[in-house]
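Next up: a single chain in structure tokens, the form predicted alone.
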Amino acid sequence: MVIKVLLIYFSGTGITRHFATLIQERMAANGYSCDLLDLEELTDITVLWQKKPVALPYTIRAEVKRPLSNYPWPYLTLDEALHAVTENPVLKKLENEWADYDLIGFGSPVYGFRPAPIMIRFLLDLPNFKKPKKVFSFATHDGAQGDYENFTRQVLTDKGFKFIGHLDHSFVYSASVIMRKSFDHLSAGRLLVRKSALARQSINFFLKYLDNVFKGIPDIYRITNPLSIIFGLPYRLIYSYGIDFLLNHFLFGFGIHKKKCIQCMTCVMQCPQGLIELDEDGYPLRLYHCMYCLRCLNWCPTDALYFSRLTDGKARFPGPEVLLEAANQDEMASRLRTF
């Protein structure tokens, strides 16, 4: 029997998309049938999120401490969103559309130890599945994911899914790029190649576990060491509040160099939360704090946008495809030099 898998993901900088393709690659090599689906192609996630705009604590704190305008956005806290879960009729059809899949994976970058707010909104809006379907989560992060897995497990379990596992990996620190003076594509590409090889090993290990799950063989995929929880807690707290301090004091905001802006509307179209609009002169404007996925900065063709002054005139993350191409070209050039 061929196991049919559906991978649904959201990707801000392209790293989670890259991870999803690696999972698909390894699954295909192991005899699985695996489909990829970008969350933003599945549904109008902007409309879905804006009806009940759940936000993570760092965004809400930024709205309170450093509002970008006098017009407060009606954000729901995570607790409020979790206590007001209802099925969204727009997504009711998914129960039938996903009926043929044996396994579904939900993937997202880690934001504040949680999935992206638009992924959270999507998961909370899913219908309650009458027939338990096996699911797992996968995530990319810049060094720490905290209790991302436990949170995702609880949300999916409450929706009637059977949560069976989790995959995560750290590739390239894409979030820090926008605060650097320069970004070496070649060295980052080499790092991405090495990290991708390690990710394939983790995926292969996970697939062995999945084989046992579908064969009904008891297996232990992950054993949590109590000592790792105890000694890892200070690190997670420092990482969490350190990143929060950095974001709130040096990153959050929205600025534009109008002389550079060509009014192409790329940032407007790329914002998954739909928070960038145009002012009366046709220049991009954001009146509220977002989840800071970095798309508007990274996709701007003229580098006209910045968040705080710390990011003004700094490097931008080009996406994993560009980095891999740089590494591949260097490898080809190295081979030619050997002849």
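Here the structure is a predicted model, which is why all the values come from computation and not from measurement. The first residue of the sequence shown is number 1, and the count goes up from there.
One more form of this protein should be noted, the form predicted together with a small molecule, which is absent from this view; the next part is about it.
The partner is absent here, but in the model of the complex a heavy atom of 110, alone among 191, 110, 85, 177, sits within 4.5 Å of the small molecule. 144 is the sole member of 156, 144, 76, 91 with a non-hydrogen atom within 4.5 Å of the small molecule in the model of the complex. In the model of the complex, none of the heavy atoms of residue 20 sits within 4.5 Å of a heavy atom of the small molecule. The small molecule in the model of the complex comes within 4.5 Å of a heavy atom belonging to residue 292. When the small molecule is considered in the model of the complex, residue 32 lies well away from it, no heavy atom lying within 4.5 Å.
Put simply, residue 318 is far from the small molecule in the model of the complex: not one heavy atom of it is within 4.5 Å. In the model of the complex, every residue of the candidate spot (15, 58 and 140) has a heavy atom lying within 4.5 Å of the small molecule. Across the options 292-300, 35-43, 308-316, 22-30, residues that bring heavy atoms within 4.5 Å of the small molecule in the model of the complex belong to 292-300.
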